[in-house]
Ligand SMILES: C[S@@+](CC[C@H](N)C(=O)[O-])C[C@H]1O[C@@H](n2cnc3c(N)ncnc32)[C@H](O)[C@@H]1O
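Shown below, as structure tokens, is a lone chain in the form predicted on its own; questions about how it binds or moves come after it.
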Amino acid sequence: MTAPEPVLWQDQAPHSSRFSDIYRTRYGALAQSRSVFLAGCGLPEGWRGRPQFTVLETGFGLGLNFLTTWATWQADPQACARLNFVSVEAYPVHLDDILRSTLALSTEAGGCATDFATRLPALAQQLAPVWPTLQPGLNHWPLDQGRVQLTLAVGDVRAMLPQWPGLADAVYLDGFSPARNPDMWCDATLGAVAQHCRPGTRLASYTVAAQVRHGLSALGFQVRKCPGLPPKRDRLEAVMC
């Protein structure tokens, strides 16, 4: 495995010294993930009636969106038979930081149902046998008795996206903020993401930065700002036309 990216835990909030930004908020992170990314992409309703569903994410981080999506899929009696989750991450963290994050979320007061949050540590533990095998490039891991396929692309997002040949039904744009990590949000990155979208692909992000909205619009997405979950004022939803 490549050397893990250090995570700084300050007041129980995980920080990146590389980008001077947080991986997630201390409180309400699970609720934000469900509101911004799952609801923003029309999930869980969007995967119902399909044999499989594919999510593409930019920025795996501490795995919050993956684990939240997986838990939501597991709990949905009408879920598709197979969930494919593809995420790009240039700087993977240590598994211990993922486990620490999920344990903190499972005891977090307010925001989300506790019974849902407590599922996350057990799901994160399923990464333990495979995480030490993590290498640069595409890593393909079958989880949940093969019903969940996690593809973790380790490397620069613009180099990794062309290496994955699939199409996404939903896209989560979740890198560090555009001001701190501009390469994740530049026109070249957004263009590479769009190559994996088809008409009807839904996209969601926490950022409503003008350059992101304009860039997506230029690529054929219909973009709109939506009310965010406090304390965030806005969030972004888009659909490929």
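Start at 1 with the first residue shown and count on from there. Computed from a predicted model, the values in this text were never measured in an experiment.
This next part talks about the form predicted in complex with this ligand, which is not shown.
Q: From the list A168, L83, L120, V88, which entry has a heavy atom within 4.5 Å of this ligand in the model of the complex?
A: Residue within 4.5 Å of the partner: V88.
Q: May I ask you to choose, among L203, L43, L216, M184, the residue with a heavy atom within 4.5 Å of this ligand in the model of the complex?
A: Contact check passes for M184.
Q: Quick one: is Y27 in contact with this ligand in the model of the complex, heavy atoms, 4.5 Å cut-off?
A: Y27: no contact with this ligand in the model of the complex.
Q: Does at least one non-hydrogen atom of N65 fall within 4.5 angstroms of this ligand in the model of the complex?
A: Yes, N65 sits close enough to this ligand in the model of the complex that at least one of its heavy atoms falls within 4.5 Å.
Q: Can you tell me if G59 lies within 4.5 angstroms of this ligand in the model of the complex, counting non-hydrogen atoms only?
A: Because a heavy atom of G59 falls inside 4.5 Å of this ligand in the model of the complex, the answer is yes.
Q: Quick one: does F19 come within 4.5 Å of this ligand in the model of the complex, counting heavy atoms only?
A: Answer yes; at least one heavy atom of F19 falls within 4.5 Å of this ligand in the model of the complex.
Q: Just one stretch in 207-215, 47-55, 169-177, 194-202 has heavy atoms within 4.5 Å of this ligand in the model of the complex, so which one is it?
A: Of the stretches listed, the one contacting the partner is 169-177.
Q: For 137-175: residues with a non-hydrogen atom within 4.5 angstroms of this ligand in the model of the complex?
A: Result: G155, D156, V157, D174, G175.
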